[in-house]
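The chain below stands alone and is given as structure tokens, in the form predicted alone.
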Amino acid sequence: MSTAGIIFSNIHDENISELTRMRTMASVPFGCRYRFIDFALSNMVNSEIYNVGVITHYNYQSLMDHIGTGKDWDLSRRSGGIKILPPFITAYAGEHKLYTTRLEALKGIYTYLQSLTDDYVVLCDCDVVCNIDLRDIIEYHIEIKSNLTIAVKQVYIVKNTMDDTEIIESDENGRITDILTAPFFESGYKDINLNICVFTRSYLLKVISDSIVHNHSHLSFDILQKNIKKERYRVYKYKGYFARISSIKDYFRHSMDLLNSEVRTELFRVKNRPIYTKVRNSPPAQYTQTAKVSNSLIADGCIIEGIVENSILFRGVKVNKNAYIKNSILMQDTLCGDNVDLNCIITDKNVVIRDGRILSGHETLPFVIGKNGIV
């Protein structure tokens, strides 16, 4: 059972544009020390997938800095390993415009896919946070002789709240019967697409070559929906924790989920399935006599002199005396001056908040301060 992995690093960048102005979706920081791509890469490595291609779009300097040689994920290998796949690397990529859909991105790496010797290909986005054993999906895919198997999760949805999420409908045998995109009028318990799927490689190549010939551009609209009745498409029902980041509100809410010990256990403490990330040698966090910290995640290298409640602090954050940080996410090297009061704030890297500033957002609309910002 030989499997390769493909990760889409830029899909859905516009969903959290406040944090992707200087980086890809894949390299957005999450949970004190991780990036979104860490979950996709770890899921693949933990499932013994060691041949991984990361499709890039633009603005991927931060992503390359984070991945490096891939050694932190055991992907620095002579055979296989991790490869950055930039746009315009084949004649099928289009001459004057960047891809906007997964299918267009796959056209751009068609010759790369042809060069693979693996039998199966796992496709994965970076906007879903979960700890999933991909071997279960692949084995199920092989057992039922499917051409495509999509991972889904049953959740309760409310009318007019879905954006670009897809609902996957299936029969009692798991065969896909319909794919609903942007299902604004649906409500109740539905199976939603986790944007993780397994293709038989020969079938994937057939889909891409046919799309090149007929100028198809969208995987769901032009391929899957038109072939549901005649092709073998199946669903794999995932029951573990997952978080889909489709807005800055989702980013804030799911980050706050990490303050729940049960969520952390389900995501980070699964036996034989750790989440890997780039290793940094930072000193331990320092807490002075004036520090008060409760229900928070504090990364290495932080210096806490004030009060921190229900918050997530990344590496190198400094909270000065009499500062009060609550319900907030402070990314790497944020500096909070004396007598600062923050509530429902997200700061990007290297932000400086000067003495005496009082800033507040709301759980449904957190206030975001961009990278290198000074308030």
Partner chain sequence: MRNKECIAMLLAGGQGSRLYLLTQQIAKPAVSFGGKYKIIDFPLSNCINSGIDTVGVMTQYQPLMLNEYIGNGQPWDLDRTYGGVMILQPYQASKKADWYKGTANAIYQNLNFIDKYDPEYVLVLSGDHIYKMDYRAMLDFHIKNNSDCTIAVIKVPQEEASRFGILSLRPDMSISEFQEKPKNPKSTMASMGVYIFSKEKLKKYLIMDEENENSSKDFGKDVIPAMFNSGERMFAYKFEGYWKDVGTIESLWEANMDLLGDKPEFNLHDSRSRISSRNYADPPHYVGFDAVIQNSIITEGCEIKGTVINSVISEGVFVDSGAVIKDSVIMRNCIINKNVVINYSIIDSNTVVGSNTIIGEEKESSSGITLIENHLIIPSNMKIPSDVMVDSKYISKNTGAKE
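These numbers come from a predicted model, not from an experiment. Numbering follows the first chain given and starts at 1.
One more form of this protein exists, namely the form predicted in complex with the partner chain; it is left out here, but the text below deals with it.
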item: Answer option from Asn173, Asn215, Thr117, Ser79, heavy atom within 4.5 Å of the partner chain in the model of the complex; value: Ser79
item: Heavy atom within 4.5 Å of the partner chain in the model of the complex - residue from Gln154, Gln225, Ser187, Asn295; value: Asn295
item: Options 258-266, 226-234, 139-147, 202-210; stretch whose heavy atom lies within 4.5 Å of the partner chain in the model of the complex; value: 258-266
item: Val279, heavy atom within 4.5 angstroms of the partner chain in the model of the complex; value: yes
item: Partner proximity in the model of the complex: Asn343 to the partner chain, non-hydrogen atom cutoff 4.5 Å; value: no
item: Exercise: Tyr287 in contact with the partner chain in the model of the complex, heavy atom 4.5 Å; value: yes
item: In the model of the complex, Lys159 touching the partner chain (heavy atom, 4.5 Å); value: no
item: Residues from 20-52 in contact with the partner chain (non-hydrogen atom within 4.5 Å) in the model of the complex; value: Gly31, Cys32, Arg33, Tyr34, Val45, Asn46, Tyr50
